[in-house]
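Next comes just one chain, in C-alpha cells: the form predicted on its own.
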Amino acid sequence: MASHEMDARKERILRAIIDDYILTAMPVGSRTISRKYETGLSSATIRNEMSDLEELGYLAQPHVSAGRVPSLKAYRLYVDELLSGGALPQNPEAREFFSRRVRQVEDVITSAAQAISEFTRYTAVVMMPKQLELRVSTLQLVPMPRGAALLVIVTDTGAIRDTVIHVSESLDGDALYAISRMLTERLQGRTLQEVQEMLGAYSRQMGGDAQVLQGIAELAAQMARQSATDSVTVGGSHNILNYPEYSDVEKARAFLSVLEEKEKLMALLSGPDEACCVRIGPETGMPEMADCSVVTVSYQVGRGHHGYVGVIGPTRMPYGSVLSALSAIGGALTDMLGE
C-alpha cells in the first residue's frame, strides 16, 4: 500500500522531477523518470508515488493525460534541503568568468550585473549599501579659477562623489587645503546622515566660509536623493523573455515594470540578514513576481557594509548552480571591494 507521507523514495523521485522540469519546462511523466534517472523502480511504482506527491501538494497535473510539474511547495523543499547541506559547492568557472569580465569595464558594479546575467542567463540585480549609511573617509577642496572649487568626498567603501562649488575668491589653495584638513578631521568616520546634521553647527563657527559648508550639504543631499538609483544596477533585464513561462505579453510587461522601480528592487534584495536567501513565487511579496524566484547572496563593501548580488528567474531555475555561481561572484566582489 502506498505511503501518504514524505519518505526517502518520494524525495528521490521529486528531486528527479524537479531536475527534469528545470531542464525542459515540460510536464514530467513516470516513464521519463524511470528511463532517465535510473531509480530502479518501475513506471507503475513511480506513478503511484507521483500520485501521492500530488496529494501531498508537491506536484500538480496541468492536463488530464499529461505528466506532473513541481509546485512552489516542492521548490521550497528542494531549496531548503540544498541550503541545509552546509557550504555551497565551489564554482571556479563562475568566479573566473566574472574576474575576466570586470577587467574590461571600469564600473565594477555595472560589469558585475552584466557578468552575472551572461553567466546565469537570468536577470541580474546588484545592490550597493545605502549611501546614507556610508562614512566619510576624506574630504578635499581643489582650487579652480574664478571663485570656484572642486569638492571631492571619498567614503569608506571607496565611492567617490564630486561637484563644483562656489567659494570666496579670497580663499587660495593653501586656505582650501587647511579647510579640507579641518573638515576631514571633524567629519571622518561620520555617516553622510550625520554630516548633514553637523554642518549647521559648523556654519556658525566658520563665518565667511559658509559657502563651502553649503556645497558639502548640497552634495550630501544629492547623494541621498540618488541613493535608490545608484544603489541598484540591473543586468540582462530582457533575459526573462527567453523562457516560455513569460511568453505571455502582459506577464512579461508586469515583470519588466518592476525592474524600473528601484525601491521595489531594493526591498526585494535587502530582506533577511542572511549570507544567501531564496524567495520562491509569492514569498517575494510582489504579485508581478508570483511565477518568479529571487536568489540573493551578500558581499562585503568596505568595513561593515554589505551589498547583495542576485538573479530573478522562473521558479524552475537550477537553484544549486545559481547559488554556487552567486556565491563565487560575491566572493570575488568582496575581494575587490572589501577593503
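Numbers follow the displayed sequence, beginning with 1. Remember, it's a predicted structure, so these values are computed and weren't measured experimentally.
There is another form of the same protein, the form predicted in complex with the DNA; it is not shown, and what comes next is about it.
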Subject >> Interface stretch in the model of the complex with the DNA - options 310 to 318, 293 to 301, 278 to 286, 47 to 55, non-hydrogen atom within 4.5 Å >> reply: 47 to 55
**OP:** Although the DNA is absent from this view, report whether residue 63 comes within 4.5 Å of it in the model of the complex, heavy atoms only.
**Re:** yes
**OP:** Find out whether any non-hydrogen atom of residue 12 is located within 4.5 angstroms of the DNA in the model of the complex, and reply yes or no.
**Re:** no
**OP:** Verify the contact flag for residue 305: yes if a non-hydrogen atom of it lies within 4.5 Å of a non-hydrogen atom of the DNA in the model of the complex, no if not.
**Re:** no
